[in-house]
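First, one chain by itself: the form predicted alone, in structure tokens.
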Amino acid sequence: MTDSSLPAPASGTVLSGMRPTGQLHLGNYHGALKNWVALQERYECYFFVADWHALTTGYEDTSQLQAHLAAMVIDWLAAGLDPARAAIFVQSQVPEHAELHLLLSMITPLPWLERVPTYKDQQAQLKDRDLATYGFLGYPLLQSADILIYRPAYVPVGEDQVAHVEITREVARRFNHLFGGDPQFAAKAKQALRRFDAAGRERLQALRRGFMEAGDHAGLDEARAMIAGNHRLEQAERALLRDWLHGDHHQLLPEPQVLLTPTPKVPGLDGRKMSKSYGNVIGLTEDPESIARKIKGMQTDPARVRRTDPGDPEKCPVWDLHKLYSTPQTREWVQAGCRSAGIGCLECKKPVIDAISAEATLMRERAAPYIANPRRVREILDAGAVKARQAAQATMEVVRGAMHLLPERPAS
């Protein structure tokens, strides 16, 4: 494999996905989807419906899979995902995910999968399901394939999902170590470094040490900028030096970085985490009457038995909604009024009801054309799959070549 055959990493690429669970709720929106909408303005984004992942725990009944898939994608579009800015597609429509998963399974040590924190946690939480399957054990590796197939720079996750990205980084390192070797790599890198003056070479080497020894990502960004800004470098040399920053081998599958996203607390109607399994959710596109009825019935600070009893907003789940939806002035009004019993709980809830209802109304308006024309949803997913497959196929050419799975062409 020649240097010029290695595609440059798409440094502005972001990848994320969700299992198809049907219509979404405010917890889904504030936990991930709202952030996706912001990311599509800054990066090249790939957002996929993880239908294969749905089978890892829900393989016994797939009768509602397509309905849930369509409903979720409509909610994505209602929330503001734009198919003109991001590739929106279904995992199973890009079979390269499965091929990369298979090939990575050949090199991934079994203990790596067994030690993933959610492996035993989910088995304990889902005792009513038979999860003693190969698919369930291997789902973190399928997730790694989902990520690495697009060679993204970033994967947006909450803190509880960092372990999933870390195993992806380990798999990428192992693949690169096994298949990215080149006896001439160091010599080629030394030759390319001569395109810099002495001070530039010294600075690059210092930045490389800082990243490799201490994980200095700011230094890595500076080094990448120096390489990108050196117009004396040829494209192959630039790609080589980007890889050299990570070690003495090609970065065939670049290690993605975690993009930690804010995960605000979104309380359900009963004060617990909002979850369909608890039956305590507010849907993204619920009608105002339903929203008002649900929020009016939400529990508040148990100390406020009577209207004249003072309360503590920090002990009230409605306060968490105020932090998401209310202005600073409204939050000050809530703090003062609740603690002094100057306002009642229904008064306190009204600004939240109004804000959530207004947001849901906007989302219903965005969703209406897709509900009326389901074919449009399928067209968006088909177009997203075409774009995703182009990127995935380019990666697989690199992977197959590195693993000597491409037939050798006879000399002419």
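All values derive from a computational prediction rather than experimental measurement. Don't overthink the numbering: it's just position in the shown sequence, from 1.
What follows is about the form predicted together with a small molecule, which we do not show.
Peer 1: Select from the listed residues 233, 157, 71, 167 the one whose heavy atoms reach within 4.5 Å of the small molecule in the model of the complex.
Peer 2: Selected option: 157.
Peer 1: Among 50, 377, 356, 26, which has any heavy atom within 4.5 Å of the small molecule in the model of the complex?
Peer 2: The option sitting close enough to the partner is 50.
Peer 1: Might residue 19 be said to contact the small molecule in the model of the complex, defining contact as any heavy atom within 4.5 Å?
Peer 2: Contact with the small molecule, yes.
Peer 1: Is there a non-hydrogen atom of residue 75 within 4.5 angstroms of a non-hydrogen atom of the small molecule in the model of the complex?
Peer 2: No, residue 75 is distant from the partner.
Peer 1: Heavy atom to heavy atom, is residue 15 within 4.5 Å of the small molecule in the model of the complex?
Peer 2: Yes.
Peer 1: Evaluate residue 321 for contact with the small molecule in the model of the complex, applying a 4.5 angstroms cut-off between non-hydrogen atoms, and reply yes or no.
Peer 2: Close contact is absent here: in the model of the complex, residue 321 is far from the small molecule, nothing within 4.5 Å, heavy atoms only.
Peer 1: Out of the stretches listed (225-233, 145-153, 265-273, 281-289), which one is close to the small molecule in the model of the complex, meaning heavy atoms within 4.5 Å?
Peer 2: Only one stretch passes the 4.5 Å heavy-atom test: 145-153.
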